[in-house]
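Next up: just one chain, as structure tokens, the form predicted alone.
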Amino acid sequence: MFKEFIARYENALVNDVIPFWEKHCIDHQYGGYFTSLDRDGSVYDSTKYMWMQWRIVYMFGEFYASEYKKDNYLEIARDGFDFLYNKGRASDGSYYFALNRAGEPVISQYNVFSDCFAAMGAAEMFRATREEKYYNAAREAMDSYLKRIASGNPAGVWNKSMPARQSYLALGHYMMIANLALVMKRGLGISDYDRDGAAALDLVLDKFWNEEHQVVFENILLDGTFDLESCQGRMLNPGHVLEAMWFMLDYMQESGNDSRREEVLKIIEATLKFGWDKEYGGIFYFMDVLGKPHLELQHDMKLWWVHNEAIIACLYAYKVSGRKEFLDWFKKLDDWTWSHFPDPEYGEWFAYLNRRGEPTHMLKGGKWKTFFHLPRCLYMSVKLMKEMQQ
């Protein structure tokens, strides 16, 4: 059933995407990586954004431990770790948002996801090497992430909001806790964060899902209710939801407790239906639950990572349920995604398309795109399809 899909995804991963980043992203002079890559892989900015840097450590560490292993993958990840840990870490153990090329901090540690992806990268390095320094770094970053989320003010002293501004719980914070708990378990071999992962899963399913509108909100009020009076409160991010749901399926499979599986499957199907652009195809970036104007001017664009996460969610849902509708959605997404995002001339994928599916930017990497969503999608998709073939 999946033979031709597997061949295409695997070929893109091994012969296109990994080699593109392997060739262009390494900063041999200062360490760390270049992520602001133009269409042909040339560097157009040398700022080192920590989310993007740590994601590269994670992916090359994972590929070193995979069937696609090459010895230099570990060296690429190890050199990146050393640069980021030694230069990107503040005195309190949290990580800056960005460094200059030489590794000097240029943007403060206001963004908690720097800690999140540092934990992921370090955990994957420990899984690959069993070296204690990676274990300790993963625990430190994970504990920092959880502490900052629990504080209710993850940005800390760098929070620019005033007291009168409405506060929210953010879907992204909690979906990543569920994912991180699993990464820590697989990478470090510990169950210390299982309770955090389970609590995050329940919070997302119990509070962020809205039965009336059949959507998962991006932001909810602190008391668990919904704010339909503001753009931020009405905001939907279908890609985030689909990513969160395959995280949940992955977490449930690992824990052996699939008691909430049907809820997750229901959300995946509802999100695909709500987020699909019926006129031009593809999935919208941002949406308003009531169809009102959106503050984000790029709300109707089609982004690479949204479609990457949707593909994984469909395959995972089909694997655990066997329901044809998820296979149909996978094929529909596969057709639209592969006919719009890959760059036939220079390789890799475009990141940003307008609503009609035409590239608006030629870049292959930047402040938000790196060696992460696309290779993870290709890798996870092949893995899931091969499991189902067997």
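Because the structure is predicted, anything quoted here is derived from the model rather than measured. Throughout, we count residues from 1 along the sequence that is shown.
Another form exists, predicted together with a further copy of the same chain; not displayed. Remarks below refer to it.
Only one of 170-178, 186-194, 286-294, 261-269 lies within 4.5 Å of a further copy of the same chain in the model of the complex by heavy atoms, and it is 286-294. Among heavy atoms of residue 360, some come within 4.5 Å of a further copy of the same chain in the model of the complex. Of the heavy atoms in residue 140, none are within 4.5 Å of a further copy of the same chain in the model of the complex. Contact between residue 278 and a further copy of the same chain in the model of the complex is not found at the 4.5 Å heavy atom cutoff.
Using a 4.5 Å cutoff between non-hydrogen atoms, residue 299 counts as a contact of a further copy of the same chain in the model of the complex. Checked against a further copy of the same chain in the model of the complex, the candidates 249, 303, 112, 216 yield a single residue with a heavy atom inside 4.5 Å, and that residue is 303.
Note on the partner interface in the model of the complex: the residue among 320, 198, 205, 231 having a heavy atom within 4.5 angstroms of a further copy of the same chain is 231. Residues 8, 335 and 389 are none of them found to lie within 4.5 Å of a further copy of the same chain in the model of the complex, as judged by heavy atom distances.
The partner is not shown here, but in the model of the complex the stretch 150-179 reaches within 4.5 angstroms of a further copy of the same chain through a heavy atom at 157, 158, 159, 160, 161, 162, 164, 165.
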